[in-house]
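One chain comes next, on its own, written out as structure tokens in the form predicted on its own.
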Amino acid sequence: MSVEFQELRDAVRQVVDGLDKLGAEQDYWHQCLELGWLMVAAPEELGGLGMGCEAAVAVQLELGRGLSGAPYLPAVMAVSAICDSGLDDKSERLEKIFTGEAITAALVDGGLSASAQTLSGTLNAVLSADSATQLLFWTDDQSLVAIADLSHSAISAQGRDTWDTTRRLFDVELQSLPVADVTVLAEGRSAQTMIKQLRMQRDLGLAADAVGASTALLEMTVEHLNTRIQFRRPLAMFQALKHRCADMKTLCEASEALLISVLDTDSDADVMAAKQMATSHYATVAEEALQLHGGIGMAVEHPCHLYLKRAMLNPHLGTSSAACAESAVQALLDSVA
């Protein structure tokens, strides 16, 4: 981990810890714009800070601590796609995003097909689609990556209720949207390369969200055990509970170590492994934290349930858990063949 990476994490954490409410979408989005967190991965010649994609992961790690509901991940995916495209007005488009023009994308694969110069289908788990003005998407056959205006008459968005109330997800339907009405970022083989990079970036962001949230939840649990008194001594004095916290710490550290190790890889299999470990470990940590908090952990007023519900949703976003597990097994078999 570089010094710049850690310094950026520390700066973002300080801001996140200063926000009063977990998940508050507008508060987190305002900070993302005000402090230039959308600019970190864009090259300097296009108006960015030139810190690389790992800087966006550093920001996502700390946003996960606060269960941020801001559409930061789809925005940095769009920034990356625009930077890698052949558009002549990249700087102008990026400047609009950096100054507040929200652009979103689906956090799961599939649902969109192209035929006869039109696009049709439904994209699921599109973050904050009602407040965004543009949509980044790609077709199922990986022949096209494009941006469309969400106000187009052929596009409609429907909110989807989920247990995780810290994020607002939508189903976005495209009904015979003319390809001529969208901004094409890549086609053919270029589109396949761009889609691979976008999927890796999405999975890294979700893994970072899981690592940040599980770390914050562990700290919250330890603090509770240090203050809750039972039989005239803090719960943290009981050896059985110490061991359970040690196991949770091991899961958090392992997830973060694997995530950091794959930041500069070009292997989508490595990134899927990091996403699978981070989301599954987060779910385990969240279940343990709920039990260690006792009755108060079940109260609606306590934030424990917000972390648990997010942990239950994260494995279903990005590349599916089944695909991640299959990829990891195949990589293991290839290594011993």
Partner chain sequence: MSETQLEQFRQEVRGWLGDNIPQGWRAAMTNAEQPAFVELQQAWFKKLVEQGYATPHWPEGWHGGGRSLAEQKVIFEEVARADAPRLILYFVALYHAACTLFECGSQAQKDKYLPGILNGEIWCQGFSEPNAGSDLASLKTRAERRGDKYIINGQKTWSTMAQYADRCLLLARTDGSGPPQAGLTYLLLDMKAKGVSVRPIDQITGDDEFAEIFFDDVEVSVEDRVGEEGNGWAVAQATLASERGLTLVELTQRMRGGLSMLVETLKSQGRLDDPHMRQQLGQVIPQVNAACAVADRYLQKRISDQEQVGDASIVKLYYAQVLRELVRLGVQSEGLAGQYHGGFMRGATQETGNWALDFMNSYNWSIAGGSNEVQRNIIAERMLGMPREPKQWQLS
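Residue numbers count along the first chain shown, from 1. What you see is a predicted model, and the numbers here were worked out from it, not measured in a lab. Definition used throughout: the rigid core is the maximal C-alpha set that superposes within 1.5 Å between two forms.
A second form of this protein, the form predicted in complex with the partner chain, is not displayed here; the remarks below concern that form.
Considering the partner chain in the predicted bound form, the lone stretch of 302-310, 274-282, 48-56, 32-40 in range is 274-282 [heavy atom distance within 4.5 Å]. For the chain shown alone, Asp266 is not a contact residue for the partner chain in the predicted bound form, no non-hydrogen atom being within 4.5 angstroms.
Using a 4.5 Å cutoff between non-hydrogen atoms, Gln330 counts as a contact of the partner chain in the predicted bound form. Under a 4.5 angstroms non-hydrogen atom cutoff, the partner chain in the predicted bound form lacks Ser190 among its neighbouring residues. When contacts are judged by a 4.5 Å heavy atom cut-off, Leu218 counts as touching the partner chain in the predicted bound form. Interface residue among Asp140, Asp130, Asp247, Glu95, judged by heavy atoms within 4.5 Å of the partner chain in the predicted bound form: Asp247. Contact with the partner chain in the predicted bound form, defined as a heavy atom within 4.5 Å, holds for exactly one of Arg160, Lys196, His243, Arg228, namely His243. Contacts between 219-242 and the partner chain, taken as any heavy atom within 4.5 Å in the predicted bound form, involve Val222, Leu225, Asn226, Arg233, Pro234, Ala236, Met237, Phe238, Gln239, Lys242. Relative to the superposed core, Ala323 shifts its CA atom by less than 2 Å between the shown form and the other one.
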